[in-house]
Structures are given as C-alpha cells and as structure tokens.
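Listed next as structure tokens is one chain, alone, in the form predicted on its own.
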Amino acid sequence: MQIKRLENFQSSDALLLLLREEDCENLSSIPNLNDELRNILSALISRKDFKGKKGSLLRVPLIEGNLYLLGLGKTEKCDVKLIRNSLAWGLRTIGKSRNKNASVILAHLNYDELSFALGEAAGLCSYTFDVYKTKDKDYEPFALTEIYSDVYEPEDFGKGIIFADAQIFSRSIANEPGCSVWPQVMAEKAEALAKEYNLTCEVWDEEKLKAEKMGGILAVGSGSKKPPRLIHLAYTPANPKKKIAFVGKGITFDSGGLNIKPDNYMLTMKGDKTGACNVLGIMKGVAELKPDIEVHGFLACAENMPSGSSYRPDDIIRARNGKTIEINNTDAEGRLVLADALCVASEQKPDAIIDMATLTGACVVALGKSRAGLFVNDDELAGKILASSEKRGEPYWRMPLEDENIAESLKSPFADLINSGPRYGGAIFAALFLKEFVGEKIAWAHMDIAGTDFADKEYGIYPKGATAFGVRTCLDYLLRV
C-alpha cells in the first residue's frame, strides 16, 4: 500500500470521510473539501441521509468517483481505536469495490497517532485467507493500492504498516489447517524468517528434546506421527538495553488427545497454535523495527493426537526444571509445552518473559471473545502492557495471580503438580501452574488469548478467522520499554 500526502483536495476513485455527529453540525471545521463536496454534504445532512451515527456508512456516487461517509458517533465516545477500526472497514469496502486509490480526510479529528493508526488500518484492511479457494473468472481481488491523506507522518505511518504486516504474517500461519502446518513446518517457517531478516534460529528435534529433558513437549507430541519441536529465534543488537523473551503455545492441532474433544469443540483447533504464530509475527516486526532490545522468541510446538503411543491420564511426566506432573486431562496440554519452554526462556535470564496462549475456555467464559486475560507477577510490567494494549486497541483485563484455594488444588498426591484442576477458576489455575516454571525474580506476563484469537465474523481490523490478537500490543510494548 502506497501513501502520499493530500495537500489540497484532489480527484480520486474514492473519498473517505470519517465524521462525528458534531462534525455534521459544523462542516466548516473540515479542511480539504471543495465547495461542491461541502454542498453535497450539507444537503445529505439536512435530509438526514447521514448524521454521523456510529457505525453508519453511506456511499454517494459522484460524477468522478465515490464519496464514502462513515459515522463515528459522539465526540465524547470517539477514540483512536474506533477510528482505526472504522478506517479499516472503510478502506476494505473501498478496495472491494474496485477503487484503486482513495483520499482520506482525517485532520479534523485531531487525535494523537492518527498517522500510526492509518498505517495499521491500511496494512490490515486487505487481508483475507482465501489461498485454498478456486478463483473463477469473476474473481475480483482487492483493488486499493494508493492512499492520499491529509494526516501523514512517514515514520508513524511506516511503523503502523510494520505492525500490520507482523499481524498478517501471524494470521496467515494461524489460519492454515493441520494438514498443512505441523511442528516441522513451523520450524521451517521460523528458519525462513531468520534467513530473510538475519535472525538466529535453533530448532530442537525429538532427539534433542529428549536429551534436554523436555518432558512436557515430548508427552503432548507422543501421540502424533508429526514429532514435536522447540524453536528459538533471537534478535541481538549491538548494545541492548534490555532482554525480553516471548513464549508461544504452538499446538498445531488439538484433538484433546485421549481425553478427546466433542466434535463441536474440535473445530477451529487449527488455531491452537496462535500463540506460537504470534511470536513469529512479533519477531518479524522486531527485525524490521530494530529496537535496541535483545528479543528472544520461543515456540513450543506439538500436535495433540490420540493413538497407541499417546500420553495417558494418570501418567506422571517430568518437566525440564525437574518438577513432576501428574496428568489427569490430556486436553490440558498447552500448559505442558509452555512449562518446558518457560524453563528454557528463564535460562536466558531475561528482564521479562511474556507468554501467549489459547490456553483456557474458562478465560473465554470470564471475559468473552473480545478481551484477553492478563496474569502478571510484576506491576510495572502489567502497567506497560496495559498501556500498549490501550494504544493498539487490543483490550486485556488483569486477572488475579494469587489464590490460596486454587493454588492448593495444584498439588498432586503422587507428583509435584497436577495438570488440570477443578471447574471453577480454570484460567487462574492454569496461570498458577505456569508460574511454577518461571525463573525466580523474572518479571513475567501470561496472556490467555483464548476466544480473542478467532473472529467469527468480519469487524473493524479483523476479517473472519485468525486475528493474531496481541502482536501489535507486544510490538508497542517493546518500543516503550
């Protein structure tokens, strides 16, 4: 997507104008409109065809091109998140309607980071996962390739594009089915990324995993013909001021194992690798942003399948740090692969570890499908993550990481820990379980992105399918550490 500054009103295939209700009452406050368009707007508003109501979209055919009016609602309830989502929706609509270029007028909105948000929206608006659809003669690809805007700061817009590209990179892998992406394929994608962006990449195969005593990953992957992998990517600048590690759950397909899922819960389980896909996207963004921070990405990848070689309920396994775990549910597998990966990440002695995982249905029950759970052992880290999530429009809710009763239920009569607890407080149980594998005195955050990882329908910056929720929050955090 190319962008140029809109100096004065100029003709284009489409003109996108975002208006609050108050803007409709004071058209003189909107710059870069010629008299003809101002008169058209005035007539539309006076006839009540358009009043700036939130979520309203009106297309007006002109002699040359089309005018798209998109409502933002009342000023007091308008923010950059709404503008970003609205821009993506408007640009997506314009691009799907064969418009090759568009002028976007934003200066009247007067919010911080508008150019950044425009970059994110411009980068994200065209994405759709259609690689497996047969394209017939009537197939119409997304046409929009050029934008003119009266709000354009090249550096901010460029960062927005990088953030968007990282999120799309993650989405494109997360959307792939289990027949196309398994642990070895994840490793190949990581190696290709490392080669392209001069990152370091190390892959532990099943023999190396055994030698390194990675009992959690090995157990989860034991039932599949596709062996597990631990993938380690690293970006190391000359004089880093901090070291941050990201850890992602990469269950390339989750059948539930011997505790097999009902059919309606197994659908979309190709997305159980989203945490690992997000780490790939983050590392791509890091390589392009080049922060003065050393960044490590760990992908714990396995396929959880039922077979004669699967791990079983009642099995006792040993994680990398030596702690033993009694298995009472093979469908609580994500925390097992993360346990080993968190141990390895802790050995790097980073300033902070952030893990991302589609971990618990309990978190979806608690927070719904548009807000992720955030468990943090450090208030400063929590504050920075929440500030970045607010900036990027990816909402989290900080959840409790202390509960004596739930902590008590982690204990097993036969091992150090049990991998699944009682029905209530399931997301907290999982977070407390993971905490057992984080090194002492390391700031750590666990993002439970179950529910937010997949969009059932298109809205805002999200198409239907994988969302890569959290990628832009983490990149933003790295720029503010």
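Not measured: the values here are computed from a predicted model. Start at 1 with the first residue shown and count on from there.
Beyond what is shown, the protein has a form predicted in complex with a small molecule; the following relates to that form.
Distance criterion of 4.5 Å from any heavy atom to the small molecule in the predicted bound form singles out 450 from the list 450, 428, 445, 434. Between the small molecule and the residues 86, 170, 360, 389, the one pair within 4.5 Å by heavy atoms in the predicted bound form involves 360. Partner contact region in the predicted bound form: 352-360, out of 352-360, 111-119, 150-158, 370-378, criterion any non-hydrogen atom within 4.5 Å of the small molecule. In the predicted bound form, none of the heavy atoms of residue 82 sits within 4.5 Å of a heavy atom of the small molecule. When the small molecule is considered in the predicted bound form, residue 32 lies well away from it, no heavy atom lying within 4.5 Å. In the predicted bound form, the small molecule sits within 4.5 Å of a heavy atom belonging to residue 335.
Among heavy atoms of residue 324, none comes within 4.5 Å of the small molecule in the predicted bound form.
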